[in-house]
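Let us start with two forms of the same protein chain, each given on its own as structure tokens and named structure 1 and structure 2.
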Structure 1
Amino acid sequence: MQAAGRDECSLQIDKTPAHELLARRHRQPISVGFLQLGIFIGLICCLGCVRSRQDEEPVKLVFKHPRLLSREEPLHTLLDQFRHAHPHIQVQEEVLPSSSDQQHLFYGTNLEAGASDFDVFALDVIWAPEFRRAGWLYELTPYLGPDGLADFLAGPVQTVTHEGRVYAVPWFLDAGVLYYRRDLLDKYGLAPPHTLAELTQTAQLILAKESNPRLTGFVWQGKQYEGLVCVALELIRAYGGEVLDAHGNLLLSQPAAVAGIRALRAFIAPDRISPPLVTTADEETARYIFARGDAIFMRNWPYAWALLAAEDSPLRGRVGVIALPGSATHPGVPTLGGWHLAINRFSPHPDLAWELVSFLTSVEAQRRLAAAGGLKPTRVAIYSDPHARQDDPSLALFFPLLQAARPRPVTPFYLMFSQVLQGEFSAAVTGIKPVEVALHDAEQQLKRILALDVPEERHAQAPTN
């Protein structure tokens, strides 16, 4: 329609060349001449307007995010909705591998070099302090206002806030949970386990009776990567241990940490409820084994629930989910995981980028990602909203499990910490090093990181938003 209108406009103008208009102006009374000149200028302006709106290229906004472990269609639908409502913004999705470690490598290298070819990106909860300190995150406080994150769960908010300023918006939440084969436990009249000892006994009992030769007791993330740090921390905390106390003292050689990592190793040997291949497993490896019906228990994130309960899942209706087991003295403590959305500090379009961040973290978007994708919202109100609970009944089930989650150490040096822990935890669970030796070695390396002479925060020198 607009194109036709433009053609009509140009025809009229072509028929009335400027010299003719001037000649007529001399022949006609002055008022008529002015009227015609007014119309002429109006037409030119109108044509200019139509042309400039049509010629104006939509702004390209690049959105980088990991390959989601949950269903991806709901995110694509949301992005299409956004494109439809914002024709002046052309959102281009660029998908990175799902591994947190690989993504960190990508962002670290590119942002260090000041890359401005992506605008919005998803951040693992553990990166926010490091990226903020490096000056890579656009400050969002002016967009959000002072209470902008009041509706969000406290755990993830803590990771994106520094001295009252906000640097990312929590997008979806993760916490370690225990999946179990409800049908198998029912078959033998066994209750879901609340302690690690009960988990081992239950698995051993069922393994002794079931005939499936591939059946194993417990699968978890034991590969040398970030997922192993999450699992190992859960075991250490189940015995009341920690990596660091509130004063920054290292606690890895304490008996609680040793007991936790010993318990993790014990699943493989001597208890043999976890297969040795668990030391190469990530989230999806564990889920495939469990979803095939070849494991009794699985430690994983909430995303697996929607996939296991899907219509095409052979385990539909045969799986339960509960809090991670604790030890005889302490309850289980899930590790807090999840992803935020942030704006690249070097993006040339922060205002448009904010429109996308704000849309994707809105109540509506989070509800859709929960109902259709199984991702757990970061906004508290969604969990008690009857409509949201109707769309995704697992919200009620997961809420207490998510609320109990504890963050990994919140420090700008987290990645250095994690790299040390990944290597030493892996050496301990594979049996390459005795547990005490691995933890002692980890502690020595972490001491050196803590003693590093840390340069001034770069973001303080970067130009303000």
Structure 2
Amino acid sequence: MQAAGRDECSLQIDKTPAHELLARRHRQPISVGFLQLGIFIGLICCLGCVRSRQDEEPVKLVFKHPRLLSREEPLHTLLDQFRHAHPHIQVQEEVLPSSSDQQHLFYGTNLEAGASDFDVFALDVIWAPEFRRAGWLYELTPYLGPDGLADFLAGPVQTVTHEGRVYAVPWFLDAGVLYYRRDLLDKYGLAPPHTLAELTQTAQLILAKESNPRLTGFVWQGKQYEGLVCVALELIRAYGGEVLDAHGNLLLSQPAAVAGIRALRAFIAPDRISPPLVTTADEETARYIFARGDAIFMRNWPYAWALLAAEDSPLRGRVGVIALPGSATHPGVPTLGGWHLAINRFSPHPDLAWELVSFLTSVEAQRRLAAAGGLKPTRVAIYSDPHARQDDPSLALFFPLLQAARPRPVTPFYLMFSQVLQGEFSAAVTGIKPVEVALHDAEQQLKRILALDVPEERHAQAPTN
């Protein structure tokens, strides 16, 4: 049977023409061979791709920032969440000294040299125009889409925008507010003050009736430093004045500026509602005096609220907070503070850096930082979010106060401005110089600074290779 089968098969093959047998014999091995070779090459390529992905190191992003919270766990938790969602990105935190001057020195020294060893960094609101003009900030406008920063409060947006272009994203903000001893005002049937005159009258009335010899009326930041500039600007604006207008004109010699600094000096003398030591006080000095029950009013930032409301605070439940008082003709205007997130223009990974900036400034990230650390968000939507308000009840209280905040003069020369203003404002409030003389001297010095201005060099969106 087997032989017969072979014979039948042989007979069938023998009937096939010889030239077709030859063609079939050559065609079949070549086709199969190429197919096998293609599969083999494909397998090698796939294995190579898998090995390449496995061997590829994650991109390292360095995030520079000062210590912004009393405890850093909320920020660390957010960064861990980002790392988990972006396994191809390795985020490395580097915390800078708490001194604003030291931070500015670090950034200025390194960015001027074109340093590319950090990618994302936090910068004070007053630095943004300077850093943008120097060409140190990567432009973020293309990442933001048509809505830009529409969901952010207007004050901080103003400091990061130039000619319609955005160079940083507001992260959180501060604004000057007035704290008051609610228990003392209630004791004498007094309402919180809305004008500077009411502030003085209320403080004088309570001081005359209280027996605490250490009690003073009003503490604020009068030391010769940036805090004094913030307070002085609030008093100038309370009378409708300004340091610099939108056209770059100096206004310190105007009556409104003179009236504001005179009012600040009057708190110490002749009204005597502020002690002379206030001229050496910063935020924490003022908070310490107020927190131990030795002041009726205090100008400070929102951070103090959580500390005054803490369980171990002697004033827990006895403090109120309102907008800064204005004059008889103008409302109070708080000075804007806070921090932005920016991308180093020399970063080799700006797209990945944007992923981190976008994440940390998102609604959810800002809500969690507000709930855990008391930082006040820059996104408007968070203030009306019921979950956010439940986590941080002070959001509803502070929103109208923060919304009214206005920036310090938005100029690339602000640090030079501040150095001049610190010295002259201090001379005025301590009585070393008459108010008019101090403001005239400040204006003359600021004119020389503005004369240094030259047309800006146009910087590319990113460095060219």
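Being a predicted model, the structure only gives us computed values, none of them experimental. Numbering for residues begins at 1 and runs along the sequence of structure 1. Superpose the two forms; the largest set of C-alphas matching within 1.5 Å is the rigid core.
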task = May I ask which of the two structures is the form predicted alone?
result = 2
message = Just want to know which of A442, G337, F297, L196 is the hinge point between the rigid parts that rotate between structure 1 and structure 2.
response = G337
note = A C-alpha superposition of the larger rigid part shows the smaller one rotated between structure 1 and structure 2 by a count of degrees equal to 16
note = Rigid core fixed, the Cα of L341 shifts between structure 1 and structure 2, in Å, by 3.0
